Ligand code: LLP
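The chain below stands alone and is given as structure tokens, in the form predicted alone.
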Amino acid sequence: MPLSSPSSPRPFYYPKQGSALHCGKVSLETLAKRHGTPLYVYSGDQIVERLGMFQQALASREHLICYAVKANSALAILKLLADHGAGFDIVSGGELERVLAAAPEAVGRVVFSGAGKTTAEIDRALIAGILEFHAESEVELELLAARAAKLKRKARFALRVNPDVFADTHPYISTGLREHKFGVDIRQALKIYKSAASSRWLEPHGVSVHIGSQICTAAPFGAAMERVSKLLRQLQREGIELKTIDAGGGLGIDYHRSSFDAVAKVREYAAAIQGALAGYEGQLLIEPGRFIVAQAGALVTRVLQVKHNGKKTFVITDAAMNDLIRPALYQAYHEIVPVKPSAGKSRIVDVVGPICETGDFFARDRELAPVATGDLVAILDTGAYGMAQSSNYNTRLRPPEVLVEGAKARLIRRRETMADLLEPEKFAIGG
């Protein structure tokens, strides 16, 4: 269940018995009446708090927290983070445009990751003046050098290396092994750096690593940095001094227990990384995403009906897999709670959406407090990879987003309209 007070790990709580679920000092029931459902609600206070945990844990050394934009790319959230000193990890030209729109002053704190950057994306990032490119292959370095020469702008790069460290996570979000599509084998890195150092248009600026996402123990991060530290020593012997080392992101959260100690988890993570990099004086970059925003978000949805089908009971909501695909895509667990609890005995139900897919579900065989048609429920820990992965499947309108800071709630994205969806196609029918 959510906490009884508005503190870590979740900002959603019941102020007193019989009251509605709150975010900060704002009732989710009130927000649902104002904006309708489905509705994403985020705690700006917790987002800032989580960013601060990393900043404090790394305060003893030069560092930059590059928030992973792919986790939640809402412009208002990007601006909030930039205002508190964050940089950004982007993986597309579109994400760069979001940073430029939300916080153009932060472009010098942007790192550009991703295995398939286009010529247009590289040109835009070079002209914008980002901090560094994370190059994932020798072919990409050749393209980067060619574009830099064309634009007469030297390109700073960090080679993304695969340390071949196993991370116990979902196979879709594990990225640090030799058989994955990302980066280069760390054993080939020295040769690549030496070759790139001879280019007039390339500046070896850093080294980057990312071993996966939703990793809940510090040991794999430390092991990866041990191997990167060895590479740094090899490069120094060759006269190549790198200014940054990017440890990537991937620190996970506990989607199940509300006793999760976020501060302790960040300290453990920071200690593992810094211990492995003892003696390295350059700037440390990290790329947290999920850890900063996931537990700050909830998807509020209304029960359309409670259906009994043989031995099964289905709670059908107005939210669907197009609004939150993680359970269908990753078999991910999200706690689900009534916005306003009712008396009665919990029962085992499937919580599903109205889309014509058997995979349109949020929970199966889940114990849920009693709910009835018209009640509101909140799907917790949806601030990361919720709205960011949403779609218009079944020609459904994507939900609005609200950001809560203390007692203030503001709409940061309106609900889509049917006109929004149809406009790009009207030309084809003479509209």
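A quick note: this is a predicted structure, and the numbers were derived from the prediction, not measured. In this text, residue numbers run from 1 along the sequence as written.
The discussion below concerns the form predicted in complex with the ligand, not included here.
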The ligand in the predicted complex: contacting segment from 38-46, 358-366, 381-389, 55-63, heavy atom within 4.5 Å: 381-389
Answer with yes or no whether Gly289 is in contact with the ligand in the predicted complex, where contact means some heavy atom within 4.5 Å. yes
With a cut-off of 4.5 Å between heavy atoms, is Asn322 one of the residues that contacts the ligand in the predicted complex? no
Classify Arg156 as contacting or not contacting the ligand in the predicted complex by the rule of any non-hydrogen atom within 4.5 angstroms, answering yes or no. no
Would Arg396 sit within 4.5 Å of the ligand in the predicted complex, counting heavy atoms only? no
Honest question, do Arg109, Leu202 and Ile245 all end up within 4.5 Å of the ligand in the predicted complex by heavy atom distance? no
Listed by sequence position, which residues of 112-144 have a non-hydrogen atom within 4.5 angstroms of the ligand in the predicted complex? Ser113
